[in-house]
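Subsequent text provides C-alpha cells for two forms of one protein chain, presented individually as structure 1 and structure 2.
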Structure 1
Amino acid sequence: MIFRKLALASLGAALGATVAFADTTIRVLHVNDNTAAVDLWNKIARDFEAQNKGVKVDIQYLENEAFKAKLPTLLQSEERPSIIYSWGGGVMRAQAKAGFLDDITAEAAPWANTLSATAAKAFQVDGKTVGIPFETGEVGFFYNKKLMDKAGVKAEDIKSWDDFLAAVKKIKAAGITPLVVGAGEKWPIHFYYSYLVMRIGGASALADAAAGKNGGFKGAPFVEAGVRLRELAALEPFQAGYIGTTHTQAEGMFGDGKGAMELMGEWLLDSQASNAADGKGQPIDNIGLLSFPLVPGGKGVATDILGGINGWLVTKNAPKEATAFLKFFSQDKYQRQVAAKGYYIPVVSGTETAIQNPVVKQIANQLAASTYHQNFFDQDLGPSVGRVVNDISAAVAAGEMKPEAAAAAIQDAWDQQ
C-alpha cells in the first residue's frame, strides 16, 4: 500500500487544480487506503464523466489522521472539497452548525429510499439531508485461527468478560501476543472503552450521559469501563510498545501473525494484508470474528454493535453536479460490485446478497440482526469530546489515569463543548 503524505499546501493545490476542458470540477476527498476499492471509485468517476460532458470528478486521498487535522482548515479555504468523507456523528453536526455543509434534501429525496433507512438517517442534521452514506460496519475481535488453536483457546467459548480474560492469559502463557493495538493514535484503543461502556450501561448509556442522567459521563458505566480496561491492560496483553504503535503498524502485525486478536473494524480484513510484510497477510480462511464479550451484571447484550456508518458530505456551494454524482455512485450495479469484492458492506438495500467473503457475510448478518448500532464514540460525541475519549482510553490502559478521573474528564469536555 502506498500512502500519499500530502502537505496542506500541496493538497490545496491538488484540489484546486482543474482540467482545462472541464467546465465543472467535483473535488472528492477521502481516507480509504483500500486501493482496489478506490480503483472502482475512479472507474465510477470516469463513467460519470462520460455521461456528463464538461464535468470532471477529481478523487483525492488523505491519510486518516492527516485528514482529521487538515480538514477544518480546508473547509474554511477557497480550496474546499465538494464532497468529503465522513464518519457522521457529532463531527458532522459541528460541520453543519458551522455552515460548511449543503442541504441536499430535495435532490436526494427521489432516490434516498434505496438506502438503508438507518444509514440514511445518520446523515441528516435537524431533519435535513447533508450527505449520503455508502457503507456500514462492525468493530469486533478478529482472530488468527491457527494461533488460537496453538494456544488451545476456542473463540466460540468466549462469551463473558471473565472468559475473555482467561483466554488472554492462556494465549500469553503459550508464548503468543494475545492482542495487538495501535494505541499510538489512541482511537483504536477507544474501541475497548466504548464497548465496555455499552456492555455495562446498555444501549442507552451514551444518550443518557449526554442528557445528564445517572451522573452523566461521570456515572457508573463510564467509571467501571475504565476499571475493566485497566484490568485487561494490567495483564500486559498487548504487543511491546503498543502505546507508540500506529494503527497501520498494528494491522501489519496482525497480518504477519504476530498477535492472536485485534479489536478493529471490518476494514482490517483488507488492511492487514496490505500492511503485512509480504503484502498478503492472513488468508481469509484463517481469520475468525468474535463479538465483544458481555460484562457480568451489565445491561448490554451481544447483539448491541459498535461500528461506523460512513458516507459522503456535500459541502456548501459545491456544484449541483456533486449530488448527482453521489446518486450515480450509489447505483445498485456499482454497490453490488463492492459487495461481491468484499471491499466494504454497502448500504444500498439488497446489495448485501452479493457478498462472497465469508467473514464479511458474517458481519453483514450480524448487522442485520443487531438490536442496537452505536457510532464510534469519538465521532458521535463531536470533535472536542471525542478527542478526550481517545486520550483517556490510552491513558487508562497505560495506568496514567484513574478511571474516575477519566470519566470526569469526559464530563468536563462535554460541559465545555
Structure 2
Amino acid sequence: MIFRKLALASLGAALGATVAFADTTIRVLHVNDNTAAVDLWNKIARDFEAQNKGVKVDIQYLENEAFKAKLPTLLQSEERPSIIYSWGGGVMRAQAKAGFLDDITAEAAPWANTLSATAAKAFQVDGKTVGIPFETGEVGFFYNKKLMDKAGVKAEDIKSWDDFLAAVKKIKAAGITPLVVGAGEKWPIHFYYSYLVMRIGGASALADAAAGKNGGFKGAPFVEAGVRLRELAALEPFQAGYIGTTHTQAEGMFGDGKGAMELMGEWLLDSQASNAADGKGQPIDNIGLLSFPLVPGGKGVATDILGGINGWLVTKNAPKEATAFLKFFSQDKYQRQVAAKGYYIPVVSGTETAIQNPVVKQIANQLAASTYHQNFFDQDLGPSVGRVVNDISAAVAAGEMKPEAAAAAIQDAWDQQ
C-alpha cells in the first residue's frame, strides 16, 4: 500500500514538474566559442530558472558562419530563438526593418543606464532599443616588447603616421617582420583602412558618407585612407605571403614572436596564445598596446577608438521573460566575474575595476575615456557593403587597386544595396 502511494505521489510530482518546466522556454542562440564564458552564461541561466519558476533558458551555440547563413531563415520561422547574438550594425538594422525584432525600449529603460552609453546606443534602431550589449572592445597595435627593444624602437614615442612609418622601416632594417596580418580573410586588413578613415575624416566621416555628404564614400577621407594604406604596404612591412594568411595563422605568428606588431582586436591576447606553436604564445608582460597613430592634417584624435560591440537582440513574439533574463544577465555581480576572469570586456559600468589583466585594463581605461567608439566598418555597414570594404582594403594594400577605384567600389556597393 505504502509503495503504491509513494509511486503515485512520485508520478504526480514528475507530471507536475514537467508541466511547470514546460511553461516558458527562452531560447538563446550565440556564436561564442569561449567555453569558459559560455559555462558562466549557463550558470546565469540556471540561477534565473531557480528564481523564476516555470521558465527555462536554453542556451545554444552555432558556429559563426553557420549562424550568419541560417539566421534569415530561422527568423522567418515560428521556431525562431527568443534571443540572438548580434554584432549590431547593418545586419541588425535589416532585421529590425523586416520586423523580426522586438522593441524593448520600455522594458529596458529603467536599467539601461547601468550600461555604457556608447554600447547601448549601438543597439538602438531609430531611437528604439532592440537589444542589450554585453561586450565591447578595441582594435589597436599589439606589440612584442622584446622585438621592439631589439629593433631600438620605442612604442610610446609613436604618435603620428610618420613616426609609425619610420618605426616600421627601423624594425624591418633590424631583420624583424614589422607587422603580421591575416589578409587572406580580408577583414584583418580592413582595420587599417577603417582606422585611417577615422583618423583622416574624424568621428563623422562614416556617418557623413552614409548620408551622402562630402562626396559620400568617394570623398576625400576614403581616397586618402587608401593612399596611406598603400604607402605603408609599399614598405613591405607584412610577413611574406600575407595576402593568403588566415587570421588564426597571423595570430599564431604573433604568438610565436615572428612579427613585432599586429593590428587586431582585444581577443588577440587569447588567440595569440592558443594559436602559437607552443600553445602559450607571448607572456602578457611582453605585450604592449599602441593606439593607431594620428595622420597629419586629419580630423581624428587618438582617443577615437575602433572596436566591436556585441549584444543580444530580442526577437519578435519572444516571451516577455526574455528581456527580464537580459536584465538578470547584465547584473553587476555576473559581469564583474566576466571581467575578473578575463572572458571579455563587459559593458556594465563600473565592472572594469574587476579586470586583472594589465593590457585588458589599459583597453578598458581607454574605452572609458574614448571620445568616439566606432563599430567595425564591415559590421556597421552591413554585409553587402562591409565585405566590399574588406575586399578593397586587401586589394589597395597589395597595389591591385587604385585608392580612387576602391572608394568608388564602396560607393557602388552602397548605392546597390
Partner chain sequence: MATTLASSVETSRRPGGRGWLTILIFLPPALLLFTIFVAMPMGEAAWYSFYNWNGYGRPENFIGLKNYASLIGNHAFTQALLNNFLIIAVSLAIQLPLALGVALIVSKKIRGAVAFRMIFFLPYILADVAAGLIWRFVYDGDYGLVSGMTSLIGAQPVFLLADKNWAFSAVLVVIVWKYFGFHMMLYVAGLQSLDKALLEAAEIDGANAVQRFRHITLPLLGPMIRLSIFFSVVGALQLFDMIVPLTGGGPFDTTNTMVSYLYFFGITRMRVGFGSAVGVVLFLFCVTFALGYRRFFMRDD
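The term rigid core refers to the most C-alpha atoms you can superpose between the two forms while keeping them within 1.5 Å. Every value quoted in this text rests on a predicted model; they were computed, and no experiment measured them. Residue numbering: sequential along structure 1, first residue numbered 1.
Structure 1, not structure 2, is the form predicted on its own.
In the core-superposed comparison between the two structures, E78 has its Cα shifted by at least 2 Å. Core-superposed comparison between the two structures: the C-alpha position of L263 differs by less than 2 Å.
16 degrees is the angle through which the smaller rigid part turns against the larger between the two structures, based on C-alpha superpositions. Once the two forms are overlaid on the core, N34 shows a Cα shift of 3.6 Å between the two structures.
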